[in-house]
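Take a look at this one chain, the form predicted on its own, written out in structure tokens.
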Amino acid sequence: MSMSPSTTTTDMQQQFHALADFIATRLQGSERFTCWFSGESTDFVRFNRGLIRQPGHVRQANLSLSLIDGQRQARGEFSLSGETQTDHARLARLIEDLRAQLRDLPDDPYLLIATEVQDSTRVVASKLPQTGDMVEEILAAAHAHDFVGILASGPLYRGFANSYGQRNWHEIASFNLDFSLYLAGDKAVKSSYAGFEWQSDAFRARYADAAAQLELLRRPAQRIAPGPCRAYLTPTALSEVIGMLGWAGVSEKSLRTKYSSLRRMRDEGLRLHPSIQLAEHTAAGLGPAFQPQGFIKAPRVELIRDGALIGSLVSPRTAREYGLQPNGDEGMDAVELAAGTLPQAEVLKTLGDGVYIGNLWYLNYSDRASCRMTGMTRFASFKVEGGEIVAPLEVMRFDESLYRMLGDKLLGLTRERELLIDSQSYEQRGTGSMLLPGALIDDFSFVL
């Protein structure tokens, strides 16, 4: 089996630059433009019962155009065909449509676009093997199990251009294997392996860990009484908690309007545990270092240092409204939480008696002002006694504040961290990523 992307960097980049040049020739009077290019060349392989069920390749590109005149802006987008004559004709019609809309639009007081030209090109050479080679390794490991999952592999492309002559290009290749080992009924182990370079030893270790947990699921499930309980959250489980902060938690606009779940950290000086160091690390992530208004993102934005909120994410609109400097977008896209000192191999021993939580889901805020979250355990979570897993844990609901989980009740973070890449592929592959340790927590509150 041999699968590989057929689209080269030059094809995509030249296509984008040619479209930007064409747009420039269609402007009239004082009109300006910004445009955003997103593309991918992705191999998708869907597995079920340890077999390939659906292999395929997706090559697509989309262009989003903003036509601007003064403080008025109209936006539109379409999928590119790759045929120059067809795309130019569709683009010309879109420009005419946007021009007609501009006449009826009011001024946008918070419109801010980059006028200082800052060109950039980042092309990270792919370190991925042929998709077929990865698939062969997966099938070799999966033959003894009901293996279900999706492998997505290949390069992602992003581009920006404006009427001032700025051109930015970003290309990086990654893979994401999102999989489950199914036992029976509602019992399964969910895991993933993702990154920029496929390492056979790392994959086999990840798979072996999932297979060992699957055997533990054969034991009768047990339930614990609601109330506080010592708990370990894997990086995957912790990602659901940290991901909630992307819901306007570290947004400067939300902090200013008191909607942020972390507003008490800014307004009242509340702090998390001193070991918590949280950053938006764009330079180490999957997404581009520029954003749709043409501003260059800061390579790294410190958000929480030594448990204190010291930074925020500032979009161009927020920057215009409050007289600030933009540093990116206001949702986290490349999350990095510093590692701790607890060796992964000693997690169960240090946990002692408690629960090992492999996954969480259905999270929501139960009290946004107190950064209190509620959610449920999912897939492979276990009851632990004397440092040993004794039984699968029945599904339970928790309700807990971040100020406790990662505050005074945090016992430690693991020394090892896991890279988690956004597995969503609706319309296009996501560029979000998280680099996270696991977290050992005292008095984690279960309510049902």
Partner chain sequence: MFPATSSDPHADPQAWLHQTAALFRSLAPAVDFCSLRIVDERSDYLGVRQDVLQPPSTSQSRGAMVSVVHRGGYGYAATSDLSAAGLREAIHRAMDWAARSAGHSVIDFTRIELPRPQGRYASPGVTAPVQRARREIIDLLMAESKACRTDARIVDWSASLWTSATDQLYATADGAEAFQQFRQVMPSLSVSANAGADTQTRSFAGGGLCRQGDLSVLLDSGFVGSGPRLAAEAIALLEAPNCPTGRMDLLLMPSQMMLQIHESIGHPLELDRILGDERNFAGTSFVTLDMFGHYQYGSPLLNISFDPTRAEELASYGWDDEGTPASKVFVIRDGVLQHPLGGSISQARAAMAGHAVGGAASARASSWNRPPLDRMSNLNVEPGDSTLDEMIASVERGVLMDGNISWSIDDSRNKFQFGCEYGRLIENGELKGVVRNPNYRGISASFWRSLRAVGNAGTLEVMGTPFCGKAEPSQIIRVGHASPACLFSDVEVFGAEA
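Just so we're clear, the structure is a prediction, and the values are computed from it rather than from any experiment. Positions refer to the first chain, counted from 1. Rigid core (definition): largest C-alpha set, two forms, superposition within 1.5 Å.
Quick note: we don't show the form predicted in complex with the partner chain, though the next part is all about it.
Engineer: By the heavy atom within 4.5 Å rule, which residue out of P129, G311, P292, G375 makes contact with the partner chain in the predicted bound form?
Structural biologist: Contact with the partner chain in the predicted bound form is made by G375 alone.
Engineer: Report the residue, out of R206, H281, K190, H88, that has at least one non-hydrogen atom within 4.5 angstroms of the partner chain in the predicted bound form.
Structural biologist: Looking at R206, H281, K190, H88 one by one, just K190 meets the 4.5 Å heavy-atom criterion.
Engineer: Report the stretch among 407 to 415, 22 to 30, 36 to 44, 383 to 391 that approaches the partner chain in the predicted bound form to within 4.5 Å, counting heavy atoms only.
Structural biologist: Selected stretch: 36 to 44.
Engineer: Run the contact test on E116, D119 and D442 with a 4.5 Å heavy atom cut-off to the partner chain in the predicted bound form and return yes or no.
Structural biologist: None of them does, since no heavy atom lies within 4.5 Å of the partner.
Engineer: With the partner left out of view, is Y362 within 4.5 angstroms of the partner chain in the predicted bound form by any non-hydrogen atom?
Structural biologist: Taking the distances in the predicted bound form, the answer for Y362 is yes, it comes within 4.5 Å of the partner chain.
Engineer: Any chance D201 has a heavy atom within 4.5 Å of the partner chain in the predicted bound form?
Structural biologist: Judged by the heavy-atom cut-off of 4.5 Å, D201 is well away from the partner chain in the predicted bound form.
Engineer: Using 4.5 Å between non-hydrogen atoms, is G323 touching the partner chain in the predicted bound form?
Structural biologist: No.
Engineer: With a 4.5 Å heavy atom cut-off, would you call R93 a contact of the partner chain in the predicted bound form?
Structural biologist: R93: contacts the partner chain in the predicted bound form.
Engineer: Does any residue in 402 to 438 get within 4.5 Å of the partner chain in the predicted bound form, counting heavy atoms only, and if so which ones?
Structural biologist: R404, Q424, S425, Y426, E427, Q428, in sequence order.
Engineer: Aligning on the rigid core, do we see the C-alpha of A188 shift 2 angstroms or more between the shown form and the other one?
Structural biologist: Superposed on the core, A188 moves its C-alpha 2 Å or more between the shown form and the other one.
Engineer: Hey, does Q54 budge by 2 Å or more at the Cα between the shown form and the other one once the core is superposed?
Structural biologist: Yes, shifts by 2 Å or more.
Engineer: Once everything's superposed on the core, is V335 shifted 2 Å or more at the Cα between the shown form and the other one?
Structural biologist: V335: C-alpha displaced by less than 2 Å between the shown form and the other one.
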